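Structure 1 and structure 2, given next as structure tokens, are two forms of the same protein chain, each shown alone.
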Structure 1
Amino acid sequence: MPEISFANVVKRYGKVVAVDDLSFTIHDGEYLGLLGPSGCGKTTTLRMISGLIKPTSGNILWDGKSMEKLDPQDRDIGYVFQHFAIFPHLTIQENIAFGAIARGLAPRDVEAVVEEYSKVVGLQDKLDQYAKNLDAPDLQRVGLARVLAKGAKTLLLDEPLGALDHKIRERFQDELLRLVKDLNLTAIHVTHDQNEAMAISDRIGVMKKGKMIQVGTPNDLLFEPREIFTSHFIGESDFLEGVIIKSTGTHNEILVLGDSILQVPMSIPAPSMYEEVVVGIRREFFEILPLKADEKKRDLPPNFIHGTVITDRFVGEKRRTFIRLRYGRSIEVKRRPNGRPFKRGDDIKIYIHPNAVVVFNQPHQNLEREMEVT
């Protein structure tokens, strides 16, 4: 299997830049997720790997060799779509055999390939059934078996689980990951569902407006995001603008909301004194505590902020509390479902653990523009 590298790849359609100066590497045997909002360039990137479209400039390299003159059929790839690319009038056996026949295999070898890959996807007992009679998960298994029967060593997966309902999708994620790892394949999986990407990927490439914002493990993206957009798009975070007012060598003190102090570990590279910064905190890392009567009119210790509850309700499996801070700012806190309930108008204090804070340089454009997904 090849290592696939993008080197300053650009794809334009007239004046529209679909992919903008991509440079990153997909390692041999890796399961790479491509994640980002609609229109960010994920599918265009996948189609350039396949050879269905060609870059406007830059190079895509397979093990250091340019792919520019390599036709799609010569790239040992299998393309799996959201909408099941199978022949409904053929049986499962005939659908899988189609991929093997396309390789020019002898009839005996075709039979062996069908037997092998029908077992891999768990369809060996349904070979005589027609595809038109199958449910959605089995249809996608047929599609996978067919591309594997073609001899694909690299899987290009374009929203492959999008047509499955939630419970089936979660189970199919495990099957898909097992299959890729057991067969020692390389997979590039395009999705807009961050939970899916986090569950299945070795690394994830986060894209925005044609650019690759960050490539990293799920843990990197959650807890060590390099960009505000990554912190905003992966999981849920709130952001406060502030300024560095003190540095101890190990910790910085950041003034936020006009009068609240956050003490946070020194970041590397460390911001300069009095530099404007943006503080990102994941919503599950806030802690809400009742505000005592004697705390209402005095400043709170560092890492505590005054607030007033606007709503406190269940959303899915989490309790979500919407809080108005001083100076008109608001945040939302994700809490355990059995956490203490609050009611509208309750005065509270919010504790922010120092290690839960990620400090970013103030963006050149405003914070709202930095977080835009369109």
Structure 2
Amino acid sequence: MPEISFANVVKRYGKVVAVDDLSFTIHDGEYLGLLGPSGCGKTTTLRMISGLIKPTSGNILWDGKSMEKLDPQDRDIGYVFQHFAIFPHLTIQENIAFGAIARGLAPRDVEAVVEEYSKVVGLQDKLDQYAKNLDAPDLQRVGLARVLAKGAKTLLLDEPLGALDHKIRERFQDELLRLVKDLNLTAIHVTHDQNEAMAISDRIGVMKKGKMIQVGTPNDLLFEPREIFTSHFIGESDFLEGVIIKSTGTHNEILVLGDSILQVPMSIPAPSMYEEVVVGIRREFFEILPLKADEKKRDLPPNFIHGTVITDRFVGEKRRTFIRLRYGRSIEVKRRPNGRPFKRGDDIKIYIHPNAVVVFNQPHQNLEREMEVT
């Protein structure tokens, strides 16, 4: 039952830095998601845990011991790939047995192990079927059963649900999570899909260009993102540039869009007076209210902003409403599907709750570069 710690781990390929000074810990029994755009270093990180590749510098510790001293076989790791790596001409029984045999078990024990883990993944009634005839979810179940039969206590999952349909993916997430928790395994799960990471992980490590940006629970990442990138990558947010114009002991006032004021709780660390900042607001947190006739030309109270509806689309489980603000800016609002419908051209006001606003330092590079996901 290991705890896996990264200490200043760097991985270079020639001049390319794939992983840049990673330090974080995966707790025993934890389901950790590694999330980030293609090329952010998450698969490299997973491969280093597996021992398939070695860090250029820094250490990966298993229960405080350097991993270099552990034989790969002794790490009890099971690697699960997106494309299954199942032997198509073997039956499910033979595929799972392969894992148990690799572990050096006696034939009678192999049988017991196959029975146990085929049951865990729900394939006990299909043991005689050939792998080539299975659908994608069953193939992935075979993959899981095989690494479990091999004795894996730590699962390394590289986009394991990438080949599955959206619908089936959601069901499989529950199945996978239950399996990991029931068997008391540790799991590290690489994905580029934030919804998947959210649904399945105890904590998520968000990576960008080789660096770990933030490790936190889904709640932390949604409500307390520490960087603009996290706020942008996890869910959907809109960003406005502003300047601090007033600071009381408990609140800041931020001027945005030329003449609108947002009152927000003081953040730690507190930005200083006249500092340029970026505010991030989740699209679910905006509130749209009809504009009264006498409010059209008047300044609105703090935390209210004038806007005009561009489109209001019903997209099933929610509505998506595009709003044009002043000065050429626009935002998108996600609302309940039964919320009040609006027409193109409707003048409205947006209410932004003080607690909905996350304040970031103005990035050194421009905002678009900061949010880039390619």
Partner chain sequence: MVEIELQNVVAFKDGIKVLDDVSLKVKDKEYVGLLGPTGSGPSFTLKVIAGILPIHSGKLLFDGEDVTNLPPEDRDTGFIFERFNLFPHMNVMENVMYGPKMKTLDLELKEKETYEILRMVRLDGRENAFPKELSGGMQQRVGIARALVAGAKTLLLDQPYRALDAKIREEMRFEISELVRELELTALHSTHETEEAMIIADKIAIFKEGQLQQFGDSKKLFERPSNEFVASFLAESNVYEGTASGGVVDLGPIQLNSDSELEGQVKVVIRQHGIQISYDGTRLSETNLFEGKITKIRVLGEFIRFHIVLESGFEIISRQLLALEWRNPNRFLGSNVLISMQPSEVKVFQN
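Note that the rigid core is defined as the largest set of C-alphas that superpose within 1.5 Å between two forms. On a predicted model such as this, the values are computed, not experimentally measured, just so you know. Structure 1 provides the reference sequence; residues are numbered from 1 along it.
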query	finding
Number of the structure representing the form predicted alone	1
Flag for D63, CA shift 2 Å or larger between the two structures after aligning core	no
Between the two structures, C-alpha offset at E317 (rigid core aligned, Å)	2.8
